[in-house]
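For reference, the chain that follows is the form predicted on its own, supplied as structure tokens.
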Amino acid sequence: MNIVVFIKQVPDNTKLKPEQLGEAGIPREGVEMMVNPFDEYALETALRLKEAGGEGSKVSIISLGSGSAKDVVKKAIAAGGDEAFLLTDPVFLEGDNTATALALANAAKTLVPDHHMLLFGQTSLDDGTSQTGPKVAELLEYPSLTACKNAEITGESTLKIMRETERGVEFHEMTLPGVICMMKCDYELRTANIKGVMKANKTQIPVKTPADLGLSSEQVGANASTTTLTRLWQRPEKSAGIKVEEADPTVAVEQLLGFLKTQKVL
């Protein structure tokens, strides 16, 4: 069972300041970076599937980003990944999810041609579109499922997948190859041990350009993007609500009804 996990390095949004946002979007320089949290669950799911797949199974890591993304790739190797590739070239950058999906689809076909499944995080903290994984599936003509919470091997080429949606929990069977996008799962993420860290330090991370993937500079990055970010801002903080603290329930209901009428809800 050969599994590909796509890992993205994103800014730590808990440490971003409102003044750092603007027409240029979320800054990449001068801010702390981290592994996209949903991608961590995609990696953990892949490692569990690798263990269930038995001897001969492997997990390959692919990341598109700047040279600093090598740090998150190394962490994925330390956690249990077997090999990794870094797609780094100035023309890759500033691409929307359509341009990025084409690069990632070609990377999967070119770098890990014998793959059985592709795992993504459900969404990324920087753009939050949740579209890259499904678009890769469309380009490769694979089945795909989003909002996944768990995946189990049920046969040589089938998976049982649990999804969690606003309508409740769903179970599906997928015929491989396929694409699944992972939500935050109910199981804990593993931590790297000393052996894993030593392996990561020794592992060579090949750097790939568009040409290595059979693509021209016009097919990736900003050159191939069909959407443009014009402005990004934080939502204003919510004001404090109104509390009905009257001890007498009859009076409390009257106060609540009076407020709803002033808001023209009733």
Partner chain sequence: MGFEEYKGIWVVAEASEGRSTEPAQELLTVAKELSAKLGQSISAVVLSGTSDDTTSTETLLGQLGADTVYSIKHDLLAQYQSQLYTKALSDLILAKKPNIVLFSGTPTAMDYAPRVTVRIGGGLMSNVSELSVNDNGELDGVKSCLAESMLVSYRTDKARPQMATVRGKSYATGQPDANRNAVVEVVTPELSADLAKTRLLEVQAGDTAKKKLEDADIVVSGGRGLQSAEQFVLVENLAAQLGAAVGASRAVVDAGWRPHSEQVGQTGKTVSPKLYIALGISGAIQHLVGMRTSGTIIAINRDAEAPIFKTADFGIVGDVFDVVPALVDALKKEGSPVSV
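What you are looking at is a predicted structure, and each value in this text was computed from that prediction instead of being measured. Positions refer to the first chain, counted from 1.
Heads up, the form predicted together with the partner chain isn't pictured, but that's what we're talking about next.
In the predicted bound form, the partner chain sits beyond 4.5 Å of every heavy atom of residue 191.
Using a 4.5 Å cutoff between non-hydrogen atoms, residue 231 counts as a contact of the partner chain in the predicted bound form. By the criterion of a heavy atom within 4.5 Å, residue 168 is counted among the residues contacting the partner chain in the predicted bound form. In the predicted bound form, residue 53 stays away from the partner chain, with no heavy atom inside 4.5 Å. Listed residues 216, 68, 226, 204 were compared with the partner chain in the predicted bound form; 226 is the one with a heavy atom within 4.5 Å. Residues of just one listed stretch (107 to 115, 123 to 131, 191 to 199, 75 to 83) have heavy atoms within 4.5 Å of the partner chain in the predicted bound form: 123 to 131. Contacts to the partner chain in the predicted bound form (heavy atom within 4.5 Å) from stretch 34 to 59: 34, 37, 38.
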